[in-house]
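Structure 1 and structure 2 below are the same protein chain in two forms, each given by itself as structure tokens.
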Structure 1
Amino acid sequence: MKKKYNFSGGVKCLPINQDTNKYIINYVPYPTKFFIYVKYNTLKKNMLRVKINQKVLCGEPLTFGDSSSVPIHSPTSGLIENVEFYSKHVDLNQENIKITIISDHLEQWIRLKKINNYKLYSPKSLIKIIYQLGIVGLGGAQFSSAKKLILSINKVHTLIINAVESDPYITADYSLMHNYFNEIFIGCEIISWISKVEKILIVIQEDKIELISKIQLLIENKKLFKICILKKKYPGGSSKIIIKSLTGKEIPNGKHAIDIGYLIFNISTVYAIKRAVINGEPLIHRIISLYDYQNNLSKNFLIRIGTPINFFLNYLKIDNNLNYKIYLGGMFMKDLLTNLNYSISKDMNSILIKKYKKKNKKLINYSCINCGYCVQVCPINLLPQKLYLYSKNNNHKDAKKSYIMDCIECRICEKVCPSNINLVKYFKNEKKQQNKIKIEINQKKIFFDLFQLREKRILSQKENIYKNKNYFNHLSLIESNILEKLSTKKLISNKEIEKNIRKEILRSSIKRVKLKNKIL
């Protein structure tokens, strides 16, 4: 048997029947309206490329890109109906932009540039192609993969391909591996040619036995590739934990995995890179797994980005009444969906449907009994119970000392806790407070610097005054107010000076007379 890699902490879950999850359902009909959401933060830097009532072809870019963001492409051919501001359901302060497109059901594509032999091109031109076709990391954090590749040139020695599902009931990556493995191989070779990698590791969880044997047969002749088998646990998916379990090293705080020498790509981004470079397609499709808890099954769909969820659920004849709750994300990291018109975006992984029960048992929140289950389970060696105490009592200093900002919000500690405390809620609140404190400290630093500059300026002015004073003294002039005024205000005209001198002489003469009178 091969060695199985393991990491400390984590939770085992029941496996589900995976025979029916192999296949991807390709055909989902196109809706009449597509909604595309663009983040406002990225849109500050880049501009919109389209206007209202403009005809758009399929695959045409809608926005300009920037160094941090990537252009977004239209999923269908049709008219642009509306461009408006729209605030997302989670944060009301964060303003997004919503673009609605009416499709004409003709599917007119723009001309695609197909490349047969990618080795004729230089790596920088290949990265430019990847950037222009709008590819981001599809694992969850939408980091532009072109930027990752630029940073990785001449720095990286191994490429890690992440085929581990973070949540136990998502099977999107599994079905993609099962169906399109040859294309993924080509994608790996493209990345290895760009960044000159010595080794390629493919990371798979242990319960996918068929896939492992299949890949081992394909790999035997190739020296570059190697399989690593992880133990089946939640959470295995995040890049921090994969590097720790494979190599034993930790990514230092505030740095990226590239700085150690490892490049990590999710398997669906590798597939998207292959489609972009060789077929010339922009990133429009995405595989999403839908988990139906009644049948205990999950199905995978290939959907265009921008189809509203309401339409998708209506096509599958799933009731979206008040009796059902619909979540985005997996079993652990789920977010409740309030707006059904919200469309499918690039960072979405799965949809989860749950029946709403009225007769839920009331979960009583007992007080923390210091049992330490959460400490043993935490994958990054934090102390959740101490952090809970600190965040509850507004003890910000100690919370920062015990590294609250490292928490990845995987919610294991919440599931294990015997007294039903929702810990992650406290941690999120505490993180916001820490960010506020950070901003305040930065503001104080800036004001202090400004204050110091002002003091320096005043000091230099005073020095100038005294220097001038000495200079005039050297000329053995009478000490009086006129000279100080002269040194400070050089713009006074000569006539005024003469007037002032006369006045001063008069005043001094009057003073003398008064003194004489007093003495006498």
Structure 2
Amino acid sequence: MKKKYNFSGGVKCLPINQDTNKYIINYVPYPTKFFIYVKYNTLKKNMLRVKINQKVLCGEPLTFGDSSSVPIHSPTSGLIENVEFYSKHVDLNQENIKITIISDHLEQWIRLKKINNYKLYSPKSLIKIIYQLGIVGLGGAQFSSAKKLILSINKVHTLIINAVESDPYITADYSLMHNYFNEIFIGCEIISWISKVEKILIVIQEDKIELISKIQLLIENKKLFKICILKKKYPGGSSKIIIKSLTGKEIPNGKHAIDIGYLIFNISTVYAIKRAVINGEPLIHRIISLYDYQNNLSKNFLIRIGTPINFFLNYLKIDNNLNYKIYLGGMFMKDLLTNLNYSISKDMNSILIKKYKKKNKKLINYSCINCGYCVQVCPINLLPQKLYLYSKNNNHKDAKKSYIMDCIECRICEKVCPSNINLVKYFKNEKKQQNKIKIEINQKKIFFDLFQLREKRILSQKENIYKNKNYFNHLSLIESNILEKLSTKKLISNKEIEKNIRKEILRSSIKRVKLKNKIL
């Protein structure tokens, strides 16, 4: 009997309708138009590689990358129809750049550089490939996988593969494992080759019995690999929770798992890394879970990045979209989609469809009664009721002391709150304020350091001028060999030297004239 790892807090979710076909990957036809959204704050003007009316091939990079973002690739061959600013689907204040591509339906690809034996390449070369092919964390963070690998070299001893999908409505990662585990296994070996880890832990939830047996059979003679079974609870997929459950260690505030020796990757990211290194494929598609509340049905689809959600819904014969509410995310962490022309992105793993009901009762928010239910379920051991009061009253100092930045926004505190308070909404706002305060403090520190340097420089100049003045008052230019001495004092300004030299020359000339007159 294998040990089952557990964590404090969390909630057990009732299983949804067990559809025998839920692990089958369905395919969606390609639309005529693709919409690619790029975050404006990470894209500088000179990072755009295409312009309007330019022809592109499938897999061709549309943007350059930099230290904080990876290149983005065209999901089809065709023509760039438009490049414009566009607000985000959920946050109207955040602007993106929207690239519209008209597909020619010819599927003409760029030349893919395949690799048979990755061990013939240095870790640096493999990381460069992963970066150039646009691989990011597909668990939702979208952090550059190449950057994570660079930071991990000579710093980590264990690779953790996150195969935990605790939201009952999302089965995208499990369907990927069910169909492509051999490729995921190669991806694990590639990452371990780059980071030189001592062991690889594959973490999966206890109810995936078929997959556990499959993994155990595959790693039977592999000493590097070990399977770890986690209790079925939400939210088990957070990296903080997984590391705490497996090792008992907590990631320090403001630090990353790499800082304590653990490199963690989502199972979909591992698959994407394998496809990039071995097959030379850029990241242009991913698996999306679709859950229909009305039919209690979950299905998985392989969709290209940039496919409009409206097109996807029409393909599923959901004709009148006004009758439905569309959410992005799972049962707990979901956001209402305001624009159906928004498209599939790299950080998306689930779409929920709910029939719109006009007579929905509006929930009334009551005052916090300090019942403590939210404390019992918090998987990070925070005190949500206190965080709520601090956030609501703009008590930033106490909110920071109560570790609000450690909140993973899993929303189970909201679900159990008998007062129906939107706790995470307050936490998100407070986190934004904390980030602003942090930026302001850093800026003040930089300005203060610059001010101190300026004061020090001015004081040093004054001291040198004073020393230089005394020096010229007591010695003559010739006797003191002042030019030679001045050249050794680098801090004395050139203007002051010239000024003093001119004075001494004038004095010595007057002296000579007076002496000459006496002689005559």
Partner chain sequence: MNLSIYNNYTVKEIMFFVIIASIPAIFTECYFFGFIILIQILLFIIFSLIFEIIILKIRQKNIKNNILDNSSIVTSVLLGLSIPCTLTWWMIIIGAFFSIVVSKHLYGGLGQNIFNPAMIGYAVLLISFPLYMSSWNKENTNLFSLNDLKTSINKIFFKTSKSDFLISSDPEDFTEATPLNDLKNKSYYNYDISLKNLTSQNKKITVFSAYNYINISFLLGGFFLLYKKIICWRIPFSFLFSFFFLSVINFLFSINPIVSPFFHLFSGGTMICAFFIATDPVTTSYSNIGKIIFGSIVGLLVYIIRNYSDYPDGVAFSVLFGNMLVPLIDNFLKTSGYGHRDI
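Quantities reported herein were computed from a predicted structural model and do not represent experimental measurements. Please note that residue numbering is based on structure 1, beginning with 1 at the start of its sequence. Rigid core: the largest C-alpha set superposing within 1.5 Å between the two forms.
A.B. asks: Just one of these is the form predicted in complex with its partner chain; is it 1 or 2?
C.D. replies: Structure 1.
A.B. asks: Superposed on the rigid core, does the Cα of residue 299 end up 2 angstroms or more away between the two structures?
C.D. replies: No, because once the rigid core is superposed, the C-alpha of residue 299 moves less than 2 Å between the two structures.
A.B. asks: Determine, after fitting the two forms on their core, whether residue 461 shows a C-alpha shift of 2 Å or more between the two structures.
C.D. replies: Superposed on the core, residue 461 moves its C-alpha 2 Å or more between the two structures.
A.B. asks: Spell out whether the Cα of residue 425 moves at least 2 Å between the two structures when the two forms are superposed on their rigid core.
C.D. replies: Shift of 2 Å or more: yes.
A.B. asks: Residue 441: how big is its Cα shift between the two structures, in Å, with the core superposed?
C.D. replies: C-alpha shift for residue 441: 4.9 Å.
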